[in-house]
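Before any questions on how it binds or moves, here is one chain, the form predicted alone, in structure tokens.
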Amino acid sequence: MKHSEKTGLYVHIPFCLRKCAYCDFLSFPADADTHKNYVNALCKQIDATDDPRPVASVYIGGGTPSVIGPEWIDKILCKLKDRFDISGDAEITIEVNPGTVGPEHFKIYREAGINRLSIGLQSANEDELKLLGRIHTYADFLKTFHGARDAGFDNISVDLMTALPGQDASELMHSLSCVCDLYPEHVSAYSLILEEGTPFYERYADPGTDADILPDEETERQLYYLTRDYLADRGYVHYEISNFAKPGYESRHNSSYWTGQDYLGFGLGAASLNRGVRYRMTRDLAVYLADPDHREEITVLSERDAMSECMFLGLRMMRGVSERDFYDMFGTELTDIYGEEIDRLIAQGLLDKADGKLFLTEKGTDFGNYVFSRFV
């Protein structure tokens, strides 16, 4: 099995001002001293890591990374640059939320080398923002977006959520049109998933609660089609099931996940895939502060495991899985491993082949989870 010639870096900032009602990410409010201690621990973890490969992308996610002082973000990036060979044209992204970022943040981010922002809007409708438990208004988002443009950021992604409780086509269309009128370079549009342990799960998951106001399966599918078609009409390339970009602005970091590239994760709960070994940092803050290199859930991937991941992650990309790339990575033909399953899925109208690539059909995107499960 051939390993990546380059790698990506992910940095997790677990802090937020307030937990959103749908969120099950590893995030929580914390004070300034905790921010400081956490960044110091992060830098120790980075110092303890040795990898000579060129770094093609850096992604700072959370949580809400913009809730910590921008000087801490600068310190983290300086440490990464000291320790790793970060390519001069590397994509360096930070997630920000409206209401947590201003001109000083943007100035320091730019000086630190950040060249891409991912702004969490989720909805342009005030009632939906309140329902989701967001801390910002649409006006706050506009201030953040225009502030980023004024600061010189020319690669901005905006996050939207679809299939929200009570959402119909007109509400989604309003959010889509508001976003597209701003001409961001990238849009991520994910359907709501009810995660156990969240207020949304308690409110909507079980019969007898408010579950009846969630869009049904057919409505959710129609909202997905609306999103896809509207964004295509506005010039966005649908390059992954839930992601759309102006030509040349696909997320290089996230694409590396879907194409099986190695990545190193820093921070609480951060995952890594490094030369066939998958592991996760501890999710216990006290443990992490005391031992920033404390690793858990260590798994050595077999070649068959890696093939499986290549398929179910690669098929998320609309371009699909290249037979040539599969052979270059594993030294065997794709059809020798999965030929019968591929033929079955093609016969069902869920997969198609062209130009040496295997990809989801339109019907296949409706049943993506089923298709992916066939390769697990």
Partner chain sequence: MDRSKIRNFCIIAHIDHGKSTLADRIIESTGLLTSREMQAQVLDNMDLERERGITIKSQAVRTVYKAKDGEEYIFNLIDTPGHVDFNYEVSRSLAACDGAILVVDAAQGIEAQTLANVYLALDHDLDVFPVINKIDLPSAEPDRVANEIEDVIGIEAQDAPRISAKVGIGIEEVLEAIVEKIPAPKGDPDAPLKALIFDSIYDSYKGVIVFCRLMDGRVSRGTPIKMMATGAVCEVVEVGTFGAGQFIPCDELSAGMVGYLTASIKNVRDTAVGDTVTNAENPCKEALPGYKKVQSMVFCGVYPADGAKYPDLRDALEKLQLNDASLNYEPETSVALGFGFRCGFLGLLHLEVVQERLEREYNLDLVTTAPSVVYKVHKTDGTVIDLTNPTNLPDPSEIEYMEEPVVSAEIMVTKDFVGPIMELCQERRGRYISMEYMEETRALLKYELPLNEIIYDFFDALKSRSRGYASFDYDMKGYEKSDLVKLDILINHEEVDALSFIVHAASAYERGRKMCEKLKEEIPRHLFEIPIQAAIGSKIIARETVKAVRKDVLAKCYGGDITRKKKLLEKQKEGKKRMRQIGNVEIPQKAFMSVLKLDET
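Residue numbers count along the first chain shown, from 1. If you're wondering where the values come from, they're calculated on a predicted model, not measured in any experiment.
Beyond what is shown, the protein has a form predicted together with its partner chain; the following relates to that form.
Not one of F106, A151 and E185 comes within 4.5 Å of its partner chain in the model of the complex, counting any heavy atom. For the candidate set D233, D89, E111, E217, a heavy atom within 4.5 Å of its partner chain in the model of the complex is found for exactly one residue, namely E217.
Among the residues D47, E309, D51, E323, the one placing a heavy atom within 4.5 Å of its partner chain in the model of the complex is E309. Contact check for I241: a heavy atom falls within 4.5 Å of its partner chain in the model of the complex. Contact annotation: R374 falls within 4.5 Å of its partner chain in the model of the complex, judged by heavy atom distances.
Among residues of the shown chain, M173 is not one whose heavy atoms approach its partner chain to within 4.5 Å in the model of the complex. When its partner chain is considered in the model of the complex, Y225 lines it closely, a heavy atom lying within 4.5 Å. Considering its partner chain in the model of the complex, the lone stretch of 63-71, 31-39, 345-353, 328-336 in range is 345-353 [heavy atom distance within 4.5 Å].
Interface residues of 253-269, taken as those with a heavy atom within 4.5 Å of its partner chain in the model of the complex (partner not displayed): N254, Y257, W258, Y263, in sequence order.
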